[in-house]
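Next comes just one chain, in structure tokens: the form predicted alone.
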């Protein structure tokens, strides 16, 4: 096991001690990738990583053992289709050394329900909760290597975004612009995570599905895109227009830019996530567009595109050094256009540092 994974397991065990947790149970997920650098094939065959203070090992289908062994040196408790997982699971739980009477266990919230019930049926006296204060707590605080990977991914995304706007021409479809961005990612060794291109009124749909709409003179353009490289993703939204900006575009863009700046200024260690959301929302509400800001201000970014912390009006999460999240206020005017400006920031050296190097200036094309 490499030094990074050893450190993560040690940190997890420290959190387990601090939270009185006897056992952490993880299914095939980004949690497993974070802790063991293993992302096994996920189907109906139970795969579990169990971690106690004295032991860590896998319940693993026998047909996956040889492949999985290339990625981890943690012990396997294999089971064959002909036998089922019950005996191997019993052996694994025994190896963890936990007291089975009334253990406190943490369950992977992304795990299949049948895997979860298998564990709970085997440990009927257990009290259980999800990973928020253990694995999730650790994942939300990025180390220097994660920062470097996220920064590189963000800078590559800057260039991809520029390529998308450079592709604009009269009559081009949203899908063709998205293809130009995807091609840029591929040419630079990255894998597309998502790409939303919105022309004109389509920008008023926060989760618009890129389609065959063609670009016309006077259209606002919104591009929200991200890719994965070095194991970590990017995520950014920029806006522009073709020819002459539609009426009100400049005013809305200015409001959103001020909302982003207000949220960034509020995002400091010790601040609650809800205060960051409020800082952005207050700017938009004061400008008269409060009802047109339809979603939360942001979401965490790490191995997953969406992970903790979530920047919402109701979140009590206290921001700490190393937390990475989006700030992405939007104003959506149905039938006209919608604008959103999105930055990914990391709480670093006491302030919110923007990972992107691309200005939020509206891109004028044509």
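Keep in mind the model is a prediction, meaning the values are calculated, not measured. Numbering follows the first chain given and starts at 1.
There is another form of the same protein, the form predicted in complex with a further copy of the same chain; it is not shown, and what comes next is about it.
**Student:** Quick check on residue 169: any heavy atom within 4.5 Å of a further copy of the same chain in the predicted complex?
**Tutor:** Judged by the heavy-atom cut-off of 4.5 Å, residue 169 is well away from a further copy of the same chain in the predicted complex.
**Student:** Using a 4.5 angstroms cut-off on non-hydrogen atoms, would residue 120 count as touching a further copy of the same chain in the predicted complex?
**Tutor:** Flag for residue 120 set to yes.
**Student:** Please determine whether residue 110 contacts a further copy of the same chain in the predicted complex, using a 4.5 Å cut-off between heavy atoms.
**Tutor:** Looking in the predicted complex, residue contacts with a further copy of the same chain include residue 110, since a heavy atom lies within 4.5 Å.
**Student:** Heavy atom to heavy atom, is residue 132 within 4.5 Å of a further copy of the same chain in the predicted complex?
**Tutor:** Result no; residue 132 lies far from a further copy of the same chain in the predicted complex.
**Student:** At 4.5 Å by heavy atoms, is each residue in 175, 275 and 360 next to a further copy of the same chain in the predicted complex?
**Tutor:** Checked in the predicted complex: no contact with a further copy of the same chain for any of the three.
**Student:** Using a 4.5 Å heavy atom cut-off, which stretch among 67-75, 252-260, 226-234, 152-160 contacts a further copy of the same chain in the predicted complex?
**Tutor:** Residues of 67-75 come within 4.5 Å of the partner.
**Student:** If we check a further copy of the same chain in the predicted complex, which of the residues in 339-357 reach within 4.5 angstroms of it by a non-hydrogen atom?
**Tutor:** Going through 339-357 in order - heavy atoms within 4.5 Å of a further copy of the same chain in the predicted complex - there are no hits.
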